[in-house]
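Same chain, two versions here, written out as structure tokens and called structure 1 and structure 2.
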Structure 1
């Protein structure tokens, strides 16, 4: 916290900050994958965002001076660059454009959220899952011949929390996607024929 910047290594499953904590600064993801999850009073939770390298987390609490609304946890081994609160405030004051770039992150988050609200209203759960898998495939997947495959960075429960369904329903959605021939699953290993990209018309616009 004394020095302005510091690096931190997180293993998969480790916590970056807790929901309800006050802001200690902003965090930049150097490598890995961070999940921002909102816990509810009833014990359930919703996965609000996946933060990839280059993205910034914790800026909402930094800008608004309110407690974190989500917890941040590494899904994969991750390297995080931490900018302490004082340093961040100093840089934002001294360097023009910094605030504007942060505002741009906010706009991105707004667009992301609006897309998700619309998707929740207009698409079926199966379509939303197929969409999500395509996006994950684009990031985590590797192509082998006519197939793309990846190791899912998310458990079934995380997928369920992201789509907004129960784990049982997630199992059924996975089964239905497999029956449709769009994907095939083996635990966290997922394979997708390249043809599937064309099969799901709405997905392209969302990429």
Structure 2
């Protein structure tokens, strides 16, 4: 079974798999950060979600035996463990519990989409952006005195995709958060008071 596993290092910006590509197995993110993005016929694209260490990607294509509906690309240097399609099929056939766990992953992804729809209906755009920045800060931030800071691992356009707003709306939201004193921005560098992060609502894993 070990022969069916391989490990590789992706540099930031390097592709893991293309949208429309046939499934070659499933991929476990061991370290780094992977962006799952959907490309559209008009040339635009939408960031669907982020995959952090411990998450599995590519399983929907494996389970459905259909081409990948998104591309997967490293945003940060990442280490990936690949389980070949042949090995994954053999393991799933011999251990039904493994197949059940993959199905649960699909259900959790559906739940995340459902939660995003509810958040879009109940929270303001500014609240959704603040929540996303807090969750990113909890993962990527480092404390410096009374502040915690991070370098955003994704662009502002990607932030807009994740909260479901237009890029021009994102610029206004960033300005409003700065005016409220919740965050300060300098390019991709973001700062916030440590106390504000500690007072933030319970942080869920990113989706």
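Rigid core (definition): largest C-alpha set, two forms, superposition within 1.5 Å. Residue numbers count along the first chain shown, from 1. Keep in mind it's a predicted model, so treat the numbers as computed, not measured.
Q: Identify which of the two structures, 1 or 2, is the form predicted alone.
A: Of the two forms shown, it is structure 2 that corresponds to the form predicted alone, while structure 1 does not.
Q: Would you tell me if residue 160 moves between structures 1 and 2 by 2 Å or more at its C-alpha, with the rigid core held superposed?
A: After core superposition, the displacement of the residue 160 C-alpha between structures 1 and 2 reaches the 2 Å mark, so yes.
Q: At a 2 Å cut-off on C-alpha positions, does residue 142 qualify as shifted between structures 1 and 2 after fitting the rigid core?
A: Shift at residue 142: 2 Å or more after core fit.
Q: Give me the C-alpha shift of residue 127 between structures 1 and 2, core superposed, in Å.
A: C-alpha displacement of residue 127 between structures 1 and 2: 2.5 Å.
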